[in-house]
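Given as structure tokens, the chain that follows is alone and in the form predicted on its own.
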């Protein structure tokens, strides 16, 4: 039950505190170091941050390592839905649908500032892959599997009724449709960030972004520790642990390859665990005749379902594609072919949209961490997750390592619970003084911004007027901050007492203010301009992809962190380069790279 220990090293601090204005929870003000961690979690996406939070709340000591930023991988490139997976019914994965619907309900309660109910229209056309009667049966089963839900039950419409509900929809061949409810999260990246914050606040977890694992320390076929590089400074660290959880998503096989003495010659012999598929989305401005709720439509060309989703009051988010991907995971980007596919199918079902590439503001694409398999179509690959204990791998047995394969945004909490349960048994983990590790406590525990909120609209109504008067800010700014930070919104505004300039908007007519940049550094572990623009504030998802805001954000970060002018300019260039390469801005680039 004991491991050899080493002296605790001083790890990088991702929350430099230059002000005492904000009241911190235990563990918020620094980075905890331990001689031997109970667990090291590799990967700071939704699964990794969820696992770190679950383990830390049980009293286990945890080190979370993410090579880029929290939520910067697959979590950032989803359809931004918290859903039961209606199409999984077609694969008869009833257990996955039931799990997803149960976790959807918990997220609506535990993160009401980030996760909101969303109505979706599901039309049925003659000659389609899924007939109307089958859709209706599926909707009844969907409701039955979530019989304790807080969301409304579905409604069925004939052709006339559905066309009245969606007057601009294609009417030729329309047989009818259903309207049902799932949920939407505008910024899933913030769920990752809030999980990381919650883990850190326990005082039991060190959570590091921009920390890339370089190697495993091994003895007698067992992993005893991990080496990693702080990619911001180039400094290297070595830490010990009783067990390692690989939650690297699409990069999972790359982490497993580090168990080999010579990764170049031997990793190729390892069987692949991941068979990722590329999902591309496009974002367009709201157009005349567009739906006021989301649409879930079957594509005519290949029968694949795709979404047309009202997003952030100004846009429609359209996607996704599902194509096998074998390229560079760090450079995944949508192709012009995929963009045209989504435009063509949208124009078919909404003829008045008349969209062309020139209307596309930007695209984004990510790789799903699906298990390797031989499914006839990518859409048939299971979205279930499982835990692989490498000690049981006949080909390459490694003690002290488990990998989480698959999973989806909606079910991350349950995945984290199952993973920590397994790790406690597999690594023989105990609390100090031989105490048994307690059961998971996250089921009914709000994320940090969800504490004290039962219904988001009533919370806004109860706080907007008083906060507007107290901080001398427009009510719409207060409402916007509540949407992003929930019950922690006042912590952002309290920063303006330190510097009134931080009340200034990041761009003309925008609702984001400079205080959010400071808050992102001090409390949300943001280290780079891209961290702030893409995963703390969301300026990158404005119509101009954040180009109006980036210089002011960089200047504010430079003042807070003491950057030299050359560092500020480098950060701006790196952000713009990312937008050009990955988050494709059609109105700024003339050539669309292909995946």
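Computed from a predicted structure; not experimentally measured. Positions refer to the first chain, counted from 1.
Not pictured, yet referred to below: the form predicted together with a small molecule.
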property: Contact residue in the model of the complex, from 204, 368, 390, 491 (heavy atom within 4.5 Å of the small molecule); result: 368
property: Contact assignment for the small molecule in the model of the complex, among 316, 180, 519, 77, heavy atom within 4.5 Å; result: 77
property: Residue stretch of 479-487, 354-362, 499-507, 244-252 approaching the small molecule in the model of the complex, non-hydrogen atom distance within 4.5 Å; result: 244-252
property: Contact of residue 396 with the small molecule in the model of the complex (heavy atom, 4.5 Å); result: no
property: The small molecule contact in the model of the complex: residue 211, any heavy atom under 4.5 Å; result: yes
property: Distance check, residue 73 to the small molecule in the model of the complex, heavy atom within 4.5 Å; result: yes
property: In the model of the complex, residue 83 touching the small molecule (heavy atom, 4.5 Å); result: yes
